[in-house]
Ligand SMILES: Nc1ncnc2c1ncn2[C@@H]1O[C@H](COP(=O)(O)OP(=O)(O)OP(=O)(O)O)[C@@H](O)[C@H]1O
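A single chain, nothing else alongside it, follows as structure tokens in the form predicted alone.
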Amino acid sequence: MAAVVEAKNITKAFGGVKAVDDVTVSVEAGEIHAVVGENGAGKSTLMRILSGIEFPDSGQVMVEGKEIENSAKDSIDAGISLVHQELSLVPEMTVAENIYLGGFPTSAGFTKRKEMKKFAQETLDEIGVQVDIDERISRLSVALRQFVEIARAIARKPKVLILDEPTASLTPAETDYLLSMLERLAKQGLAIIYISHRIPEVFRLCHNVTILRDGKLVYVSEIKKTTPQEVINQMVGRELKLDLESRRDAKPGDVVLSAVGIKAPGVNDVDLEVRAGEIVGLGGLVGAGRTELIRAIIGADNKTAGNVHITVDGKRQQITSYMSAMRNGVAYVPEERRVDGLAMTMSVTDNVYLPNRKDLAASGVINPAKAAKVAKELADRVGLRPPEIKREAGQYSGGNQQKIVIAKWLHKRPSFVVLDEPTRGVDVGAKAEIHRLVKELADQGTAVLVVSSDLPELLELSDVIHVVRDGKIMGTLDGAKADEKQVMGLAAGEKLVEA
């Protein structure tokens, strides 16, 4: 069968570094084709070229045998639709307006709203999603926003649908629904290119897989002729096993964090302790109140009741605001790194400088040499690749961005570290490195609190697991003995039965 879309010998360089190096990929009608690789492997650049957002230095993009010009409009007109990892909806516009954004049906300069709403509803019906077309995007859950983004792509009647990490923010149930939707669309003849770091999803959904490494195509296979371990090894260029049986020998010390009677929007009277050298995990479903709890604890959001204290070197200090938390050795790695964790247009050095101004400046003036030295040391410590400290944070891949967020706190030698979804949207290699950093912090005596929707991650890292539901801790598990069934049972409201 002839390919619907083909990228032929695509090469693209940025600043002399080849992001994509002579890569060829083709996808047939009805095929779901995975493109995987570590962060920075060139996947997103290749997809941006396919969709006309970036221009290749050399090579061709063909749709049904016809070369398309290098522009987003030409790619859309040729039948290519891209759903970005970072959603691009307009929050204060309605579902219907977002689905037809840039293509409203008009008459005499006025939008034909009745026709627009009819078409939007038909598109949502086509993909099997129920949502009020008059609702504002800002009022929708993350999952519904993702489905509206897909509906906007489908409304263009594409021949090729490209999805970049579409399940990164979805619950397991929402992920199942999305994968079933994509299977239905493929059976209708749509060619789908699927980018994901979640290898089980790739093996459940896709027919073929292409692997990129350092911008080069290194492996192509039918899914049924390969294995998850082989795909991971090809991605990282070495054998990498994420062994959940290998656990650190935790030796918790004195209580560092003490939170008592915490109440806040979405949080209902929670007590929590974390000890020096201990990793405490917060499990539960998306929307259970985990993020709300940790933000109330560290003062990032207001609480309505309760007290929080940090004890370091025998000194007990009350946390009343985020600034007081920082002054007392609290480091926070937020869920939305691009919004809350980094200044995307600033360099690695400048991002490192922000929480370390007191140490890296004299009389309010930054010491460039000292800041650069510290940034380079931290970049090496977290395994930033490439370790270009003058490079803008936004030019790095997701996994490397997360390393920068972690790195900027390490110079302060924090006594208490809070990580919210620390490896969301990062590849298996970066995930292993971040896990190493988290364990290293705990081994050095740091108290660590981790929120994660990734159950294997939660079980690998945590010494103690508190499962949150409806803003309350529903049960506590020994991290060394817990399993996924116990965590999900508590998250779903089952009572904990002691063995």
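Note that this is a predicted model, so its numbers are computed, not measured. Heads up, when I say rigid core I mean the largest set of C-alphas that superpose within 1.5 Å between the two forms. All residue numbers refer to positions in the sequence shown, first residue = 1.
Heads up, the form predicted together with this ligand isn't pictured, but that's what we're talking about next.
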Check for me whether this ligand, as it appears in the predicted complex, comes within 4.5 angstroms of all of Asp22, Thr167 and Gly429 - heavy atoms only. no
Are any of the heavy atoms in Lys43 no more than 4.5 Å from a heavy atom of this ligand in the predicted complex? yes
Contact between Ser180 and this ligand in the predicted complex at 4.5 Å, heavy atoms? no
With the partner left out here, check for me: in the predicted complex, does some heavy atom of Lys403 sit within 4.5 Å of this ligand? no
Taking this ligand as it sits in the predicted complex, is Ser51 in contact with it (heavy atom to heavy atom, 4.5 Å or less)? no
Of 311-319, 149-157, 355-363, 419-427, the segment with heavy atoms within 4.5 Å of this ligand in the predicted complex is residues 419-427
Can you pick the one in Asn307, Asn268, Gln121, Gln85 that has a heavy atom within 4.5 Å of this ligand in the predicted complex? Gln85
Contact assignment for this ligand in the predicted complex, among Glu335, Glu201, Asp350, Glu388, heavy atom within 4.5 Å: Glu335
Please determine whether the C-alpha atom of Ala331 is displaced by 2 Å or more between the shown form and the other one following superposition on the rigid core. no
Examine Arg145 after superposing the rigid core and state whether its CA is displaced by 2 Å or more between the shown form and the other one. yes
Can a Cα shift of no less than 2 Å be assigned to Ile294 between the shown form and the other one, given superposition on the rigid core? no
Closer or farther in the predicted complex, the Cα atoms of Pro386 and Ile49, when the shift from this form is 3 Å or more: farther
Work out the direction of the Cα-Cα change for Glu174 and Thr476 in the predicted complex: closer or farther than in this form? It's 3 angstroms or more. closer
